[in-house]
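Starting off, we have a lone chain in the form predicted on its own, written out as structure tokens.
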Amino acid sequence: MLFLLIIMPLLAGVSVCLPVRKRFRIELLCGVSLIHAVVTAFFWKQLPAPEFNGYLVLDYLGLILLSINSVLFVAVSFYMLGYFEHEPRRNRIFTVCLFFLLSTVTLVSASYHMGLLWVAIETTTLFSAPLISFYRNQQTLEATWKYLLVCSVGIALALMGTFFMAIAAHDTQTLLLPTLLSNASTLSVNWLKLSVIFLLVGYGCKMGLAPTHSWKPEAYGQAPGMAVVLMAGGLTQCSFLALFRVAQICAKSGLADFYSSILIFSGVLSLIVPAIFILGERNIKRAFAYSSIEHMGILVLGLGLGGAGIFGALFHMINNALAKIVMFLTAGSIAQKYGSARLEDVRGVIRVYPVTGVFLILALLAGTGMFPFATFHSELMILNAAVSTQHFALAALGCLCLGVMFIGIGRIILEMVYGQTTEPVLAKKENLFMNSAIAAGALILIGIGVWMPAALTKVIQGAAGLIK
């Protein structure tokens, strides 16, 4: 089943390279995404058996990431049905890359070999880069090259870290995760420490952790909203899965404290930096990009705190992805309607597009972790973990940074929604497909914020129990 989930989008991607209708490519993407989501839903009842001699294994952590990306692709594909009704540009390369991207993120979720995991994450970079340059202008091409440059440097550092891990595991003769965990006591401590540093910096570049975050505002600010949803909600969390795997190995080899201290430092830095830059921002997509940096900091902070913080981080993985649906699909809708995402060009949205104006308010609340959205609960869990481990200054600093982010994003959104009306450049009516995708993400995020299903709790607890 895992192999079929990986190969199915690849075959579909090859098929849409043929001269077919633009609408057909999107409809096929909807169909493939729905099939992918249905199969993934079955895995919540019974995890699939290991495949290819244990190289492909889906545990609870992989199931969370697989489910996240499956939901994101369903939302994006249906959003595209409405988006391309008014988009004259061709979508062949865009949809082909989406199909290939779905295949590679599935491979990331199931990779149980550290080398294979590196290959899969590197491949996501190659297939996501063309999505940024969809509009084919100087700004998008510049953002694409910046993304490729920073992420390629990061992935090269991650490769070095993988090599160092192979040296540390010389006696085991493999980088299969179960073998590394069962022989963790025999790993060379010094080589493993060096490996951990390189892996954290390398995969941190792909996540957009500070100070390697420079590509995020540029890429997210120029890419279409549906591409940014997949990057901010799915691809960055593929790298978080890799850091979680490293945490599993460190926990077994006695380096948990060493790794946790580095994670906490990275998390704190990724909270402070966006809180500083958000205050001068006037572009809604770039503002959401800084919010994404903050959310990545929250993830690694929860992982570094351990205990309840790990549960909170895993829950925040899900909430972050759903929040990105609301945030970036709404921002993409605004950019298409007004031809801009800058505050100077977009004001009085609630009077011209009432539904989109409401979505902007929801994006503010979801992205900044306000009740009743589930992001409130996951952030609260991580702050509570900081308090319970007597990191009081860290908890206070986290609250301060979250407050500043709310003020910075709120300042932009409230003026966009209620400011003096500016006429849209491309006057269109509200689109049912686009609005339905955004509304579905918001409703799910509110739903699990009010009531968490037992199955979800079980899976998150199972994933958190992988570190022990």
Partner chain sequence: MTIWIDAACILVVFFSLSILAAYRIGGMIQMFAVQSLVLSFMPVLMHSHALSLRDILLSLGTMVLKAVLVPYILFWAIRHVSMRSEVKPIIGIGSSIVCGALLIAGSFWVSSSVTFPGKIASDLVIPCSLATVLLGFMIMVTRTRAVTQVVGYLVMENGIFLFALSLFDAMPILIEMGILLDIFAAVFIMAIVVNHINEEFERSPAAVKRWSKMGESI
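Because the structure is a prediction, the values reported are computed rather than measured. Residue numbers count along the first chain shown, from 1.
Only in words, not in the display: the form predicted together with its partner chain, which the text now covers.
*Asks:* Looking at 146 to 154, 346 to 354, 282 to 290, 236 to 244, which lies within 4.5 angstroms of its partner chain in the predicted bound form, counting heavy atoms?
*Replies:* That would be 146 to 154.
*Asks:* Only one of 55, 433, 418, 43 comes within 4.5 Å of its partner chain in the predicted bound form by heavy atoms, so just point that one out.
*Replies:* Flagged contact: 55.
*Asks:* Of the residues 390, 185, 139, 261, which one places a heavy atom within 4.5 Å of its partner chain in the predicted bound form?
*Replies:* Spelling it out, the residue with a heavy atom inside the cut-off is 139.
*Asks:* Residue-level contact is defined here as any heavy atom of the residue lying within 4.5 Å of its partner chain in the predicted bound form; does residue 160 satisfy this criterion?
*Replies:* Residue 160 belongs to the contact set for its partner chain.
*Asks:* Considering only heavy atoms, tell me if residue 86 and its partner chain come within 4.5 Å of each other in the predicted bound form.
*Replies:* Residue 86: no, not in contact with its partner chain in the predicted bound form.
*Asks:* My question is simply whether residue 118 lines the interface with its partner chain in the predicted bound form - judged by any non-hydrogen atom within 4.5 Å.
*Replies:* Because a heavy atom of residue 118 falls inside 4.5 Å of its partner chain in the predicted bound form, the answer is yes.
*Asks:* Answer with yes or no whether residue 90 is in contact with its partner chain in the predicted bound form, where contact means some heavy atom within 4.5 Å.
*Replies:* Taking the distances in the predicted bound form, the answer for residue 90 is no, it never comes within 4.5 Å of its partner chain.
*Asks:* Enumerate the residues of 164 to 195 that have a non-hydrogen atom within 4.5 Å of its partner chain in the predicted bound form, in sequence order, or give none.
*Replies:* If the 4.5 Å heavy-atom criterion is applied to its partner chain in the predicted bound form, 164 to 195 yields 164, 166, 167, 170, 173, 174, 175, 191.
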